[in-house]
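Quick setup: one chain, the form predicted on its own, written in structure tokens, and binding and motion questions come after.
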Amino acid sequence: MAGSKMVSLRSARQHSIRIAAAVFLLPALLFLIVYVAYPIVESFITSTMAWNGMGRKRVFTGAENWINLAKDINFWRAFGNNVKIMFLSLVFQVPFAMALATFLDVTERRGAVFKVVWFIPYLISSVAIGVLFKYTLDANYGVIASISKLFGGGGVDLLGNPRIALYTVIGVVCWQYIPFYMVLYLAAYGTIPVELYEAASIDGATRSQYFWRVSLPLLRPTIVSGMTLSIIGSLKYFDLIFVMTGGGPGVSTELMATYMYKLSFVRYNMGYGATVASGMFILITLVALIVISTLNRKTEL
């Protein structure tokens, strides 16, 4: 009798917990449906239409936009630029951020000033950074061009040269986002127990051995998370590069997001713009799944 009463109480309590959980999760679920799921579904529906985005008249065209997207050289060139940004961001952002975080962890309070100074770029909005560097790198009156002319050189056009424009904006992107990953790794350093360092010190480990044998293995999950964020962010990058170059010169810095924006809001081809946006969604999802699966498998090994 007492046992059945206990089971009944436990069941009633679990039922109450489920109701409370549903009440608390409902606002988040509604938010996801309205602001995440609905735009994605609507984008895929619009991708099957011919629509200028202004009026209500939308003409169903079936898979025509998707066939055009598969043959669109500009879209695949933009995807290639996104992949270059993704690769170079990983190559530069992760090691530099790790080096800065390691330096700040070693210096502790003595490096507090550097912690603030190095984090400043991430506090500035992408649009402001884009405008700042657009004028700083201007070929006529920018800082670098002015210094070059001062010493008798010619104008240095880092953003107007199609061969180096993309690498110039990648440098600015790295400058902006390295502080974010630095703070991420610095926070991970704070979770490493001091006892491990003390044990390593008793065993006679050097500072280099601290890093390679103690810190790096424990930081690996955070490094994987940082790499995943960097990859996904690189594939959907837009604001800073759009402000700096608008995708030019030519299509040298064109990205999938800037291409989608121009199609939708400059050329008023909303149907094809939605197709590009849907294509971006599919590519980013596939790349993210592959990367997350690969990195997690290596972490488990």
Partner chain sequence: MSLKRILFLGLLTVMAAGLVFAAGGSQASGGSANSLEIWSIQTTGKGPGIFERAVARFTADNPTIKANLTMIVNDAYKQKIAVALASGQTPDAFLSWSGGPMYEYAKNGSIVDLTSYMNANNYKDKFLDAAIAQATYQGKIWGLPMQNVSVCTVFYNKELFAKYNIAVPTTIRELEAACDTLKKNGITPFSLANKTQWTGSMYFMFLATRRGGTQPFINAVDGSGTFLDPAFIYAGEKLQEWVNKGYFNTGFNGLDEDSGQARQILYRGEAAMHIMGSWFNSSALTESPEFAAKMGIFKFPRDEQGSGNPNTVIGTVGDNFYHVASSSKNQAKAFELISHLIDDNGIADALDDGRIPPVKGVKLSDPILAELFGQVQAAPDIQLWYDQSLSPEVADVHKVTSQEIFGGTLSPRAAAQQLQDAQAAYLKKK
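Positions refer to the first chain, counted from 1. Computed from a prediction, not measured in an experiment: that's the story for all the values here.
Not on display, but discussed next: the form predicted together with its partner chain.
Visitor: At the 4.5 Å heavy atom threshold, is V266 in contact with its partner chain in the model of the complex?
Guide: Although its partner chain is absent here, V266 would touch it in the model of the complex, with heavy atoms inside 4.5 Å.
Visitor: Any chance K134 has a heavy atom within 4.5 Å of its partner chain in the model of the complex?
Guide: K134 belongs to the contact set for its partner chain.
Visitor: Check I67 for me: does it contact its partner chain in the model of the complex (non-hydrogen atoms, 4.5 angstroms)?
Guide: No, I67 is distant from the partner.
Visitor: Hey, in the model of the complex, is S16 touching its partner chain, heavy atoms inside 4.5 Å?
Guide: Yes, S16 lies within 4.5 Å of its partner chain in the model of the complex.
Visitor: Using heavy atoms only and a 4.5 Å cut-off, determine which of G160, P221, P121, G171 is in contact with its partner chain in the model of the complex.
Guide: Filtering the options by heavy-atom distance leaves G160.
Visitor: With the partner removed from view, which of 160 to 168, 106 to 114, 177 to 185, 90 to 98 is the stretch that lies within 4.5 Å of its partner chain in the model of the complex, judged by heavy atom distances?
Guide: Contact-bearing stretch, as computed: 160 to 168.
Visitor: Going through 226 to 250, which residues have a heavy atom within 4.5 Å of its partner chain in the model of the complex? Please give them in sequence order.
Guide: Read in sequence order, the residues that approach its partner chain (within 4.5 Å, in the model of the complex) are F242, V243, M244, T245, G246, G248, P249, G250.
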